[in-house]
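Quick heads-up: it's one chain on its own, the form predicted on its own, in C-alpha cells.
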Amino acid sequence: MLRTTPATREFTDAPVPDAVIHRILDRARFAPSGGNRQGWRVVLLRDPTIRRRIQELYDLGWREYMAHVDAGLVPFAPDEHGRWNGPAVDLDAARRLPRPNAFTDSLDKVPVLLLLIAQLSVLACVDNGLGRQSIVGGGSIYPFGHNILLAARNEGLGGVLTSVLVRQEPAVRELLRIPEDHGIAGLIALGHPVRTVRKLRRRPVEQFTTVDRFDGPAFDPGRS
C-alpha cells in the first residue's frame, strides 16, 4: 500500500458514506505524536456555503503558489541559510491573476474535505531558536494526516493533503471559529479516484541515505 498511495486530486462524483469516513479517522488516530499529546483536530466540511468560501480562499493561495513557480522559485521556501526573509514575489499582484486548475476550481465539489488543525501549544518545537525555519512541530501532526491517506487507500479511496489553504489562515480562522492557539496544518481531500495509480516514481534509497556523514558514502547494502 505504501507504494500505491499517491497524491490524488481527481475524484468521481461517488459519495463516501459517513461510516467509511469515521472508520478512516478511527484508524488514523493511532498515529504517533510528541508526548502522545495528539494535538490534532479535524473539521469535516459539509456546508455548501462554507465549502465555496474555502475554495475561494484556497484559490488565492494557489495563485500565490503559482507566481513562485512561474518565477522558477520553490513557493515560500527559506533561503540558503534556512531563513525566510519575506515574499520573493509580489503577492498582491499574484492574487489578482487567475490560475485555472482542475483541482482548485472544483475543490468545493470534492466528496470529502477534512481540515487538519494543530493545537500549537502542545507541539514540542525543539528546533525553535536555531535561527532557521522551524519544522519539527509538524512531526506531531503529519503522521496523523498521512495515516488518514493510508486508511483511505485501504478503503479503495484516494486523497491528497495540501497546505495551500494555510496562506489564508486568518480568513479561515474567522470562517470556522478556530481558536488563536490552533493553526491550519493542511486540507485533506478524499474520494473515489478517477484513475488508480499502480506504480509511483520516487528516488532510490541510495540517493537520499548516506553513512556516518551528510557527505558520506551512499548506503548500499550490496557494498557492505
Ligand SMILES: Cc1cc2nc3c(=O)[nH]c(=O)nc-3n(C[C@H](O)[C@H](O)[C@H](O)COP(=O)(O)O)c2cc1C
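If you're wondering where the values come from, they're calculated on a predicted model, not measured in any experiment. Quick note: we count residues from 1 along the sequence shown, nothing fancier.
One more form of this protein, predicted in complex with the named molecule, exists but is not displayed; see below.
Chemist: Answer with one of 42, 60, 161, 67: the residue that has a non-hydrogen atom within 4.5 Å of the named molecule in the model of the complex.
Modeler: Partner contact (heavy atom, 4.5 Å) among the options: 161.
Chemist: Test of understanding: in the model of the complex, would residue 213 fall inside 4.5 Å of the named molecule by heavy atoms?
Modeler: Residue-level check for residue 213: no, no contact with the named molecule.
Chemist: Can you check whether residue 76 is within 4.5 Å of the named molecule in the model of the complex, heavy atom basis?
Modeler: Outside the cut-off, so no.
Chemist: Is there a non-hydrogen atom of residue 46 within 4.5 angstroms of a non-hydrogen atom of the named molecule in the model of the complex?
Modeler: Contact check for residue 46: no, nothing within 4.5 Å of the named molecule in the model of the complex.
Chemist: Do residue 7 and the named molecule come within 4.5 Å of each other in the model of the complex, heavy atoms counted?
Modeler: Residue 7: contacts the named molecule in the model of the complex.
Chemist: Pick from 48-56, 167-175, 153-161, 24-32: which stretch has non-hydrogen atoms within 4.5 Å of the named molecule in the model of the complex?
Modeler: Going through the listed ranges, the match is 153-161.
Chemist: Scan 173-210 and write down, in order along the chain, each residue with a heavy atom lying within 4.5 Å of the named molecule in the model of the complex.
Modeler: If the 4.5 Å heavy-atom criterion is applied to the named molecule in the model of the complex, 173-210 yields 198, 200, 202.
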